[in-house]
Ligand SMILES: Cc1ncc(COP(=O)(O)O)c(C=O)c1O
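Single chain ahead, by itself, as structure tokens, in the form predicted on its own.
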């Protein structure tokens, strides 16, 4: 038994081993070929065990287990920092990607007339909060097309620099476009922003865990990424990074009780500590306002442990080999591919579409009937394998496509 002041010790077991192309850690996954990690990843057995462990800990020890979760939170910040070449002091855990975006949109000290560069084609998470900031503060939005970067990257970068020369407060972009899978040229964009005195905000939810990220080399001021896609953890958690210089510019407009320095003093250090004048932390952790999602935290720690075993660069190479084998067969069968020719523009997503994009949802439904799980954003058939996907699945995918072509789509003809 633990004394009332003694924290319980969490049980430990040998870490599970991940292997590229193996679904051994996903014993209950019923979808024959799961190609929808860009939407949501099924939890591995280590993730499920970690979540169960938290519930068991609280069930057995109640509040005494809380210290375990505080220590886990510190470890997790370190894991996330290593993932993007940051330091743990500059990492925060927030409820979701949107919360990371809104933290910056609400906390930057905007001046009327400030200009923001946004991109048509982005997921609304990285658009709507900036639009609301523009409405509230009288900002000017400059729109660019994500497709311009897919078709003529040098010209698109030149157009971006033209905007930056004229004066831009912030550029907000996704590391990977959710529709086409285009990996944006973050290093070039960050260098341009740095050169012209603009800030760079990156939504990395379609990159973190499958595409290498380096906030130092890419001159990224702010980055956020949710837990449930390529990080392969439960929903309800996101990483938020702000460089030390960028964090100093933020105003604490989203601060709450955990945003203070030494916020637990009044609960642990006796009388006289209940104060409301403790300074607000001047770092990304200002955004950690209140009670956190301990279940998702435990799941993300376990999932990142598997990703760290394999290495993000090796995961990306594995996924690209899968894409290399699948793409030619799909093109032969009449599909158009959005995949970039250069490796630096490629991600975990292989998006294709039939000659009639309006049939894409019907294609997804038909493939699902043959055991193939995929997504359908904006008319693209999005195939997003991750480290557990095996090259042998491609034969199953092609057989399913051939069956749909032979049988016809449920809502119309195939390509």
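Please read these numbers as outputs of a predicted model, since none were measured by experiment. Residue numbers count along the first chain shown, from 1.
Only in words, not in the display: the form predicted in complex with this ligand, which the text now covers.
Residue heavy atoms within 4.5 Å of this ligand in the predicted bound form occur in exactly one stretch of 120-128, 338-346, 163-171, 185-193, and that stretch is 120-128. For the residues 320, 96, 293, 79, the 4.5 Å heavy atom test against this ligand in the predicted bound form is passed only by 96. Checked against this ligand in the predicted bound form, the residues 205, 239, 220, 233 give one hit for a heavy atom within 4.5 Å, which is 205. In the predicted bound form, residue 285 stays away from this ligand, with no heavy atom inside 4.5 Å.
This ligand in the predicted bound form is not approached by residue 150, whose heavy atoms all lie more than 4.5 angstroms from it. Along 216-245, residues 228, 229 each place a heavy atom within 4.5 Å of this ligand in the predicted bound form.
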